[in-house]
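Before any questions on how it binds or moves, here is one chain, the form predicted alone, in structure tokens.
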Amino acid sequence: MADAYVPTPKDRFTFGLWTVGNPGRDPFGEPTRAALSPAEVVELLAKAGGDSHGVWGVNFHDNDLVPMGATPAEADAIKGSFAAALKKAKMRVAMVTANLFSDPAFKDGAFTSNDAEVRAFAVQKCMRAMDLGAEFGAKVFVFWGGREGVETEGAKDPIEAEQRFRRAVDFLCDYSIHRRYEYRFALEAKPNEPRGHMYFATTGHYLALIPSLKHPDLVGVNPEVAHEHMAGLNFTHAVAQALAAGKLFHVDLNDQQFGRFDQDFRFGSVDPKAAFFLVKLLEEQGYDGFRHFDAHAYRTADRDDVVEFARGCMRTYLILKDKAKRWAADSTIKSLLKQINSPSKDLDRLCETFTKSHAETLLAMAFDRAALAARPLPYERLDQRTMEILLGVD
């Protein structure tokens, strides 16, 4: 029997050089695996994707590909071997980003730093990352402000910090237009790590910022499962808000237990029900962007197990995609949803479009509150049937 969960390029699955290439280092321990070159990462993902070439592409931070301080000759050699590996594996680059958080120069932030020279360096570094990404055909530029925040509120004026951030994004949008790169910028939120108090801690913060930018049409968001879950937030709701605003430009898939450090576990491995509703939303809303697995294999994994990790991310997504179709087609689910929902086009029209007549009609209506309160809402049964579908019970 053919395996129904084999990925193909149509699934638009991508990984980062820093994900499968992670050597097993964590905040408390040294690497447990040998470092991989960019070309070796591509080869590993080609193995994970199998004969179907199921991995669409590989993404990178600027210095994941070309280390800081590399000579032009060294940079050309690295890019050459990476390009050759991509061609052989039939992969491409979908997204590029700049590392503005690791280097000590960014100890107080990048775009929001109090030091004008650091801010200028950060913008320059992004411009060069955009140039590098454009060489490989990237059309999405992600920005995660890993050091944009404070430990003590006296350090920065938060309004001025936001203005600095806004000016930097505006500048980079203009640079993209000037160079005809056609980038779409995706802003990535994260609460309370690694700074004590992060600016733009949630996806909603960025969605509120975007309309104030010079080129709001070029800027969207890149929500990440772990970043919202680590603060106890509902990631599916964040993605729904971004979709409704037309601003889901990219999405980072992994998993995370609440209250832990940023774990970046294999997609769906911690909370499969939450992952199910996320996949259901993306698929039913027709999201046509990349599904990027920003996750790391366990520190205990060897190279073969890293391949299994990458396969597992893709396989779980496809299994949950299939489960979403079964959920929508299930007769019990259909019956419950029909019972739960009480539609009325007339009432919706009355409440959603203001006219003087609609207002007067609404004010004159009498509602039976006891009857409204008595209507059954069998959510327990709905949730149990959802669990049964997830667990494979017919």
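The numbering used is simple: start at 1 and walk along the sequence shown. If you're wondering where the values come from, they're calculated on a predicted model, not measured in any experiment.
Form predicted together with a small molecule: not shown, discussed below.
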May I ask you to check whether V239 falls inside a 4.5 Å heavy atom distance of the small molecule in the model of the complex?
no
Does any part of F265 reach within 4.5 Å of the small molecule in the model of the complex? Heavy atoms only, please.
no
So in the model of the complex, does E188 come within 4.5 Å of the small molecule, heavy atom to heavy atom?
yes
Touches the small molecule in the model of the complex: M91 (any heavy atom, 4.5 Å):
no
In the model of the complex, which of 93-101, 201-209, 158-166, 301-309 comes within 4.5 Å of the small molecule (heavy atoms)?
93-101
Contact with the small molecule in the model of the complex, heavy atom within 4.5 Å, among A129, A275, V142, L218 goes to V142
